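Taking the form predicted on its own, here's one chain by itself in structure tokens.
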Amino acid sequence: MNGEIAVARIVTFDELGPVGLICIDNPPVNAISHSVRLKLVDVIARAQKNPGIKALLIMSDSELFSAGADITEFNRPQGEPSLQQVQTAIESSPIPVVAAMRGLALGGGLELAMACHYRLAHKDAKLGMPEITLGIIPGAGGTQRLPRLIGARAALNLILSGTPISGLEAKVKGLVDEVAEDDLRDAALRFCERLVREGRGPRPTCNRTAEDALDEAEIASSLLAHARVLKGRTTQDLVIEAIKASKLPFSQGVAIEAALAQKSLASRESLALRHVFFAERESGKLSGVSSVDAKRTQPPAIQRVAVVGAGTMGSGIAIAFADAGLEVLLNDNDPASLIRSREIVHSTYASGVRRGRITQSVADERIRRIRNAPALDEVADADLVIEAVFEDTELKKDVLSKLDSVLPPERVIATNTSTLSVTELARATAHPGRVLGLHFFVPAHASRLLEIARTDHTSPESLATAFRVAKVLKKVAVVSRDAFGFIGNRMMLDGYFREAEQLLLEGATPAQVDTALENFGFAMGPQRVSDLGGNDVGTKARVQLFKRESRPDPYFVIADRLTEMGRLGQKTGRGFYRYENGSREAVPDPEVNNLIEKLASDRGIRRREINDQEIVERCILSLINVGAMVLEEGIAARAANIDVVWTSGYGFPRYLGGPMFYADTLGLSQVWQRIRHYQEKLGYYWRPATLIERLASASSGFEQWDRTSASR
């Protein structure tokens, strides 16, 4: 190391013979923040003045190149130099500049690399442009340089998908010049030395021309290929417009891109998606614990997990932990259940292999991690035990009591209940502080959300362990206070689904309600969801609910009657719909319509034609209203946490930001007025939440409520 420009470790420079090595070191993800940009420009300028430097190599000191721009800068003016100015400094360099990428090279990180004259990547690196997931378009030349490197059609698909490609695929597409199989640094230095030897100079990407242009047929094909993830979205229109501009001279193209990028940043879609992004980050933090407690609540590593209850949910939880590399003990006192669970595990992994998601060897390894443990005392040495038996209070209390007697008192016991009182369940143990709820969603191994239900007695150590579980499983964690249904199911059962059933009684059909809400943006309508999960699941939850709370009739009278009739949904071939020959296609059934008409008549409900607009408004307003009650009752700590629950676990469209963010976009004054309208029209259960009335009268919103709450 002959010379070093000291730059506070955020960007460093080493002179390695004729190669100047520039390393970015900005943990945790090497974001191209203002401080990084400032130092990059400074280092590049100073290195170019060194007559001994014949080539510059930009790398990272960490296991990833850069995950992109600093997203926190999106909501405020960016200080100079901008990323575009850094790119200009690179492209105009009189000596060649090389980027070498390992790990992640995403968004602004990849845009930085594309401005370099040459690019290398490790074969396992992941290169991509995920901006569309935040409702924005690449704004630092990404839509202009990418088509010049790989062609407009390939660029469009890469940007629309938001999914990274490997270093090997990037080489095939022409995005990188070489791929390193082993040590990237050594390969990159050899590449730079070869450039110097061969006298190969700068090769600015901006001077290239895109070899192809987009035509309408290709655009339509690309949009169709990504239709599922782009449903209801608009950012793709701006992406297409920007890529079309790549046929223009570079200066004109980047000017158009810049204007479109600003337009995307200001869109409601982007504001919503960025809201969810930050809300998920915040919800995953352990809050309400002092710094002293935080130091002593660092949970031990989790290596072995026991799951009690080998049904569908228990099997899914076991798969989730096996996928994460942990050893799993699966307990059930019914040998037949353990056999069925084994079949579920094998069929799940076989499906993954068949779809190309995992190899057979990986599947075999994960299957071996799950071991049946028929006797309950076999779980005694597990680091964590999760109870996942049927949703019955007495059954769960019996299981928790037995676990309490066989497990050391410092081990956490979690219940997977979705609606029962965790506080009551914990009373069955001598150590209620170690009991909490871990509410997994179906399918447990694939769902993103993990709802953590804490009681007044749950210890900080137990809560810290729950957060570690979420991190290990790579799930989005949200903490809920113990209450009926926690956050998500309370809003679903007392708001959204309840209103959907009321609309059926008043004259809408299941297909009409489902279609209207799917057109709004939900992944699946409420009746289709009920049929998928099983109508009996909700009925059993309500049986338990009515043991401690009451709800006035009509309250899920249709779903509960379908359960009585054995119409449980897809698993029986009949529910709200018919499912013929094992198909999952929901076919409307006149028998259900007749049943609904009879239930409505028995209650004196006059049926009428209901339009889709009323269906959507009533279901969404009821969801928002109960969400506000959940917030003011302290069940959810933040409105943003509610948004995370509903976008991650219940199919609410992310591009609308979640129910509480969406309420803010409507304006709480308008929300309050429409709830009052339905209260006058429909009666008691449309009582506006006090919090909505208070915020509306103050011309405030849930976002402001969160900020005020955080400052208390």
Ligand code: NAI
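The numbering used is simple: start at 1 and walk along the sequence shown. Just so you know, these numbers come straight off a predicted model, no measurement behind them.
Omitted here: the form predicted in complex with this ligand. The next part is about that form.
- This ligand is not drawn, but in the predicted complex it has a heavy atom within 4.5 Å of Val308.
- Looking at Thr312, you'd find a heavy atom of it within 4.5 angstroms of this ligand in the predicted complex.
- Though the partner is left out of this view, Ser246 does not reach within 4.5 Å of this ligand in the predicted complex, counting heavy atoms only.
- Taking the partner from the other structure, this ligand in the predicted complex has a heavy atom within 4.5 Å of a heavy atom of Asp332.
- Shown without its partner, this chain lists Leu568, Val389, Ala125, Ala426 as candidates; in the predicted complex, only Val389 has a non-hydrogen atom within 4.5 angstroms of this ligand.
- This chain lacks the partner; the member of Thr417, Ser264, Gln512, Thr348 within 4.5 angstroms of this ligand in the predicted complex by a non-hydrogen atom is Thr417.
- Figure note: of the listed segments 435-443, 114-122, 358-366, 620-628, the one touching this ligand in the predicted complex, with heavy atoms no more than 4.5 Å away, is 435-443.
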